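Okay, here we've got a single chain as structure tokens, the form predicted alone, with questions on binding and movement later.
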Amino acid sequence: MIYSQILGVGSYLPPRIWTNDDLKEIMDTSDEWIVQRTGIKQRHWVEGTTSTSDLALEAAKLALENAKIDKSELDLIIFATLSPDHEFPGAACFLQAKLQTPGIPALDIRQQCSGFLYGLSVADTFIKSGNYKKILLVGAEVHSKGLDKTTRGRDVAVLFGDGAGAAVLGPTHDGTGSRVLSTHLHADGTYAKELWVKAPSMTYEGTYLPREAYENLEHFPQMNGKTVFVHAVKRMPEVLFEALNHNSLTLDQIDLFVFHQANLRINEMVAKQLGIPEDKVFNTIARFANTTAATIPIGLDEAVKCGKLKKGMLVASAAFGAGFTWASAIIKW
């Protein structure tokens, strides 16, 4: 039987750091206000013409290096993002051109905060089927260029950072060694408008970005924070237990939890509900903020680099985000 395993991970954050105090210069906020509500102390934002695929390229190079895989061995690219370089074609095609791997398929996953785990499920299935052997899976975002960075938009703007994480997956026949144990995916479009960007949209009459929509700031993210919080702290434990039960595992058998980094208060609530020890939960949100599809691969890479995630460990991930979408995965590292 064929299984999939993560051969290597890598991540990249743009060099410019914006602290909470820096944000005080452009909006009415404070370090205390942001930290108390989100746990975020700083975030990385791009400068100039840097795009989402630029960040993805750097993360991909590091993942390939850590996997000891040459780019010529790749036979599929999966790119999870909500902030592609352009409306079309997909960001995966721009990444493929920059990586110089023409001819292989390249596809985008548009599942927001759950994007990396959705992409992991796709990669896992393709490898298990035998159709592909070496897959590059990337989560990358440039949020900073699409935020209302004024007092009016601060509730959303302070949450998001730019960054990229990547993983290289390959096949294994070892049913007891390093492998993806399972992935679990869900969505409920009933709540799609609780966290969304309304414009541009094909639902308008005549044009996808009418002047009125632009003037009403409908091209900036809108979020019902209370509704998102309530659903996140419910769905993440649910989908985590789904993964545990599927693999006949208990919480105490998991060595490390790498959750999506949307808000530290959400992750703290999830950990408290489940009784997970603090030292088993790996958080990056204080330094990087919410990088959406990039948070989990960045977290995995950071955990490896600091020695928290080691070969043979069981790592569990769960994510919740716009759509609403939620997902989980358990991986033997």
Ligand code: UT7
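Numbers for residues come from their place in the sequence shown, where the first is 1. Everything numeric in this text was worked out from a predicted model, so none of it was measured.
This next part talks about the form predicted in complex with this ligand, which is not shown.
Contact check at 4.5 Å (heavy atoms) against this ligand in the predicted complex: none of 249, 254 and 311 pass. For the candidate set 106, 243, 74, 159, a heavy atom within 4.5 Å of this ligand in the predicted complex is found for exactly one residue, namely 159. With the partner omitted here, the residue from 130, 189, 225, 175 that has a non-hydrogen atom within 4.5 angstroms of this ligand in the predicted complex is 225. Note on the interface: of 256-264, 95-103, 214-222, 163-171, the segment with non-hydrogen atoms within 4.5 angstroms of this ligand in the predicted complex is 256-264.
This ligand is not drawn, but in the predicted complex it has no heavy atom within 4.5 Å of residue 66. In the predicted complex, at least one heavy atom of residue 28 sits within 4.5 Å of this ligand. Residue contact check for residue 148: none of its heavy atoms lie within 4.5 Å of this ligand in the predicted complex. By the criterion of a heavy atom within 4.5 Å, residue 51 is excluded from the residues contacting this ligand in the predicted complex. Taking this ligand as it sits in the predicted complex, the stretch 195-219 comes within 4.5 angstroms of it through a non-hydrogen atom at just one residue, 195.
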